[in-house]
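First, one chain by itself: the form predicted alone, in structure tokens.
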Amino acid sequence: MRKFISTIAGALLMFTVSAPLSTVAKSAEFFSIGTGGPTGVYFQVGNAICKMVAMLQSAEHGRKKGTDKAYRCSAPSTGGSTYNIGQIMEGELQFGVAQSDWQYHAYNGTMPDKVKPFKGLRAIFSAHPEPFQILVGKKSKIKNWDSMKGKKVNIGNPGSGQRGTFEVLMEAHGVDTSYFSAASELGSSEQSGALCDGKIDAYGYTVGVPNSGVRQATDGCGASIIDLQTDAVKKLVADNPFYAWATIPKGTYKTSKKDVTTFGVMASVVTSAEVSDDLVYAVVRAVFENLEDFKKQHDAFKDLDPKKMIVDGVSAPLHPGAIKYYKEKGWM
């Protein structure tokens, strides 16, 4: 698997440090960030981080103040949250984007059937809020959770955060996949097309707002997002510190005729205690020194606040390399 990841890192290298070839050849360090589906915001997070790393180091080499070590970064599309955490634990990825709830469960070992316990997991920062959204087809006649009974529903691909959250949601309502007439396992890049083609009636998606995949379904074929204020969801939010209420504002998509209330998590960037302090420090510094450019990479990032990013959605210990930078900035 390590050889495979290395091949991906070479093939999908999107942003590289602009440094003299002699410097790169002698001291370049390659690292990979696990993301999610290519239409999801996780993919944007990972590649935005790579771009910030390249931007900072390129600027510093241009001023002849380059660091001794150059970093080269790739952010391949992966299976999502729990997959990324598992690959970080195995040493195949150095970083990954993961929902804050799966960060919590991995570090605390509270859902070993869904994500392996990993005491070596370390947080770096959180990114954008991620509401869990259930998209329903225009002709599905689905108005709420109860009317999803007997429908064709995509619960997400194994290894993804949306799959894990959908399973939590089913358990909270006391049902399993037999509640639906069919439960498919499509990835995020396939589900909107399937909804528009009538192959499924609904799908669940944990993703930042706005999202191009969601827009494909809402603006493209009249799908809408249902409200999720059931008693079971109210209990989930009340009982779990990593969940919070979230609002998808009126006008976000063509079919957003009114505010929709649901629940959600934070997207978090995580690593392992085994990853060097120097590398983590370099990545964190690159993001926060270029935060205004980072925020321009996607609409979901526009309201990021550094002081909240190092607290919200952080349930595993912060990595020492990140702490070093935050203390230098006076944030800790």
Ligand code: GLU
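In this text, residue numbers run from 1 along the sequence as written. Source: prediction; values computed, not measured.
One more form of this protein should be noted, the form predicted in complex with glutamic acid (GLU), which is absent from this view; the next part is about it.
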property: Which of 202 to 210, 114 to 122, 86 to 94, 248 to 256 lines the interface with glutamic acid (GLU) in the predicted complex (heavy atom within 4.5 Å); result: 202 to 210
property: Non-hydrogen atom contact residue 80 with glutamic acid (GLU) in the predicted complex at 4.5 angstroms; result: yes
property: Contact test in the predicted complex: residue 160 vs glutamic acid (GLU), heavy atoms, 4.5 Å; result: yes
property: Close approach of residue 283 to glutamic acid (GLU) in the predicted complex, 4.5 Å, heavy atom; result: no
property: Residue contact check: residue 192 to glutamic acid (GLU) in the predicted complex, 4.5 Å heavy atom; result: no
property: Residues within stretch 121 to 143 having a non-hydrogen atom within 4.5 Å of glutamic acid (GLU) in the predicted complex; result: 130
